[in-house]
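Just the one chain here, laid out as structure tokens, in the form predicted alone.
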């Protein structure tokens, strides 16, 4: 008899957490709103004791994430909270951590504002140089791949081997790719971190994050930080993310297809001086991305002549929302330099391609470029 085939990650994301099949039961259980739980007598071994410790709605989502990530997972109130839960518990005064100097600014800011104040040495390395950086004496390496907003891609397996050889832990911010595109824990990383606010949920209606670990023993430190700091997600937010996860594979497929078509248009247009997208065959990140990623993702970076030109483009494209997030079902874009946090030019635009029909978003962006 043929053994039943294990479901793919796409199918798992849809069906996990829907095991209750009694007559009249919901496909996905609704959120449990509770700060306290019945707790008579001895509480030893009781999972749900108090609302800051655990919640059935988090647990249902964490079980799905753990199966997708191939390691136990915890959910958080935001991606930044998830990042802090990795950066904080595993270092002490005198330790050195390595962070990307071209990744998400809040990661650098947290480390430089708080960890450095507590005596942790923070070393910044550009993402393309991570592969050759010296990790001697480093306690934790944190990398974002693809990086945001430059979209540089790091070979996670090779980086994990180098970090571990130096005695360091490796954490990967997997926000841009998501676990359905690349699986950091399977590639050797110790932590997989994501802001589920972005593509993982994908509907621009939730602020959320999660951490998954390769070694279950690391989860204790992450859990203790979450409990003591109180960086817990709301049950409604957890339920919404669980709902959004069901369509993640479908969204990534459409967004990646459209993003590649947009990137190819941009690379041919006279108004554009630079395009970054891992799916382009001539992009510096393409060889590693092709080997490591299942989807190239929704985010495209490109450069126009100056700030005024970029703003005219943003104002004249009817299908683009000007906003600072990415990975949602609606296409959005912004001039990243307006925040003063990224090393990009005045005319650099981070574009997040949504799930509109590919022909429509390509035509809208092409028309806006032509009007320049």
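Numbering follows the first chain given and starts at 1. Since the model is a prediction, treat every value here as computed from it, not as a measurement.
Just so you know, the form predicted together with a small molecule exists too; it's not on screen, but the next bit is about it.
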{"query": "Heavy atom within 4.5 Å of the small molecule in the predicted bound form - the one residue of 116, 126, 133, 207 that qualifies", "finding": "207"}
{"query": "In the predicted bound form, the one of 239, 104, 110, 90 near the small molecule [non-hydrogen atom within 4.5 angstroms]", "finding": "104"}
{"query": "Contact of residue 78 with the small molecule in the predicted bound form (heavy atom, 4.5 Å)", "finding": "yes"}
{"query": "The small molecule contact in the predicted bound form: residue 276, any heavy atom under 4.5 Å", "finding": "no"}
{"query": "Interface membership of residue 326, the small molecule in the predicted bound form, 4.5 Å heavy atom rule", "finding": "yes"}
{"query": "Partner contact for residue 198 in the predicted bound form: the small molecule, 4.5 angstroms, heavy atom", "finding": "yes"}
{"query": "Answer range among 160-168, 289-297, 227-235, 140-148 for contact with the small molecule, defined in the predicted bound form as heavy atoms within 4.5 Å", "finding": "140-148"}
